[in-house]
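In the block that follows, a single chain appears as structure tokens, in the form predicted alone.
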């Protein structure tokens, strides 16, 4: 027999959904100028639906209709690919009902995209799933804990909305696996050793807080979190109960040399295991400055290469620690360790350039941009120096997320990898002079005098160096492109070598007609790519300098998403004997499913930290432009037709499928 209470709840929800549908239909019919006036009744109707237990499912089923009606138009939510997961915390805890509701509708839209309930033109299902995973990690208390008094006082009945939202998200994605999935996701990202780890640290902090609560029943989930939590809050014997920075300093003051060495080695193991640095690590490293360089070597976890480099440049290393390493800039420790391991201080320009960096006076605009993203306890100079050390140590850890500045991020990575003193010069110009001057075919281009760049708004979710340098590079890159207007062919032919460096090959191939967007001489393009890069067809010539290239990015259904700039780093056999292309992707996460069996690997196939890889023929199937040395050429005629047919099959089943009716090309981004 049906429960009368259940019938009443169902009828109540149905009436509220009906009211929402009427408001949504009114907005869809309204002209664009009248839609703002339709928003208040629509959001109020949505709030009433979302407060019901099954309301989120009703809204999620209408996600495409909500999108198409223009609910998100004219707001930050209109471009979901640039949304920042950490901002969801404040939005969902707001007393502003409209803000809570539209954020919730956005999350449900992303769930619909992640579940492939509808195709969004600006975001793939993988991107949406990745975003939701981070949002769940950052809001675990809304998933597991009851509302507190403060929450009820601020939001009242509105507090039901975010809790209903996260319960539905977790149930749909797989409630019983949420925590384990989050932990696996964190480890997967950390294996790529990104420079930006603030969001990862926030996720780990939320997991630690939830694990400490007695009212949350974890069952067998979350076992892999221990190493993550301890790496930040208790990596050593003296920090295992997270005593606080002041108490830890008192403990260090009482330690003898053997105890300090044991403590230092514990920090080094945790840091190199995860790529994360505990604030306690910064405290002990500063403490060890007066205890002898052998303890600094132990604390940084250096091999013989790094040890020798530290001992040769002891004064510089001490100065870098004093100026850059604080609990609030702890990641500088990892950047410093890996920079020493690279041995780049032995290059004559690097040490004097770092001394210049230590004494650099920041211009007002640079200081303001750096101060904006940190607490007042850390100076802009220290934050920038932390970024410099991280970039010099982790040149493949630079990310630009979903911003349209992949060309600039790729350039920074290439310089940090291949020409670090040039990178330091760029940083000095941008930070001190608020201007960068580069040359294009002999003519100077000033970032100060150039018009707008590719990005309409400068992103703020960047590492400190990118935050200062990318706006200048973006304007210069766009200006170089403007100076190629009117030339036949793709402007990257001329821009890439001038923008990235002399080592970028002047030879150039593209497999798409720029005017029409149609595939053009695909087989010839592939033969020349094999001849230039595949060791079996180029005389077994290894790649000496990283080379810029452009790929056609596809989603997990092999549907075309857009053009993207990457760097080809090397081509070699993986541990299983398969020929792979190892490349750098300037996104913050390189592990992607490009459809038709192409899953980009970031670990387990011979990748070094920060590299992505694909089997050669799979990579070739997503390539649309590449550079090569005109004087070093292989044997295109030797490439078998069978192999070329396999690659062309990948192309025709994915991004090339629509090339017969495509429009013109746009810049990589």
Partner chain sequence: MTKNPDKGYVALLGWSLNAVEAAASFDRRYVVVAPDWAEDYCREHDIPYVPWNFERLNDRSMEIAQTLADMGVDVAIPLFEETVEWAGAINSVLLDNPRLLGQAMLMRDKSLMKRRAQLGGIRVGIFEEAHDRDDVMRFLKRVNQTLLKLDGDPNDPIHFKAFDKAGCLGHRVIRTPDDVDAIPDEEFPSLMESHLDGWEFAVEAWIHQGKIRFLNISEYVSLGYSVFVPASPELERYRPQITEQIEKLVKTFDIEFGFIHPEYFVTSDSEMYFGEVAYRPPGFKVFELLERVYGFNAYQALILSFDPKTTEEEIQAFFPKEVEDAQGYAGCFGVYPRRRVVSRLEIPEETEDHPYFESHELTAPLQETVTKRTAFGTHWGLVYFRGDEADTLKALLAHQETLDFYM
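Given the structure is predicted, the values throughout are model-derived calculations rather than measurements. Positions refer to the first chain, counted from 1.
From this point on, the text means the form predicted together with the partner chain, which you will not see here.
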Non-hydrogen atom within 4.5 angstroms of the partner chain in the predicted bound form for each of 38, 48 and 157: yes
Partner-facing stretch of 611 to 619, 27 to 35, 66 to 74, 637 to 645, counted where any non-hydrogen atom is within 4.5 angstroms of the partner chain in the predicted bound form: 27 to 35
Contact of residue 53 with the partner chain in the predicted bound form (heavy atom, 4.5 Å): no
4.5 Å heavy atom contact, residue 653 and the partner chain in the predicted bound form: no
is_contact(residue 44, the partner chain) in the predicted bound form, heavy atom dist at most 4.5 Å: yes
Partner contact for residue 15 in the predicted bound form: the partner chain, 4.5 angstroms, heavy atom: yes
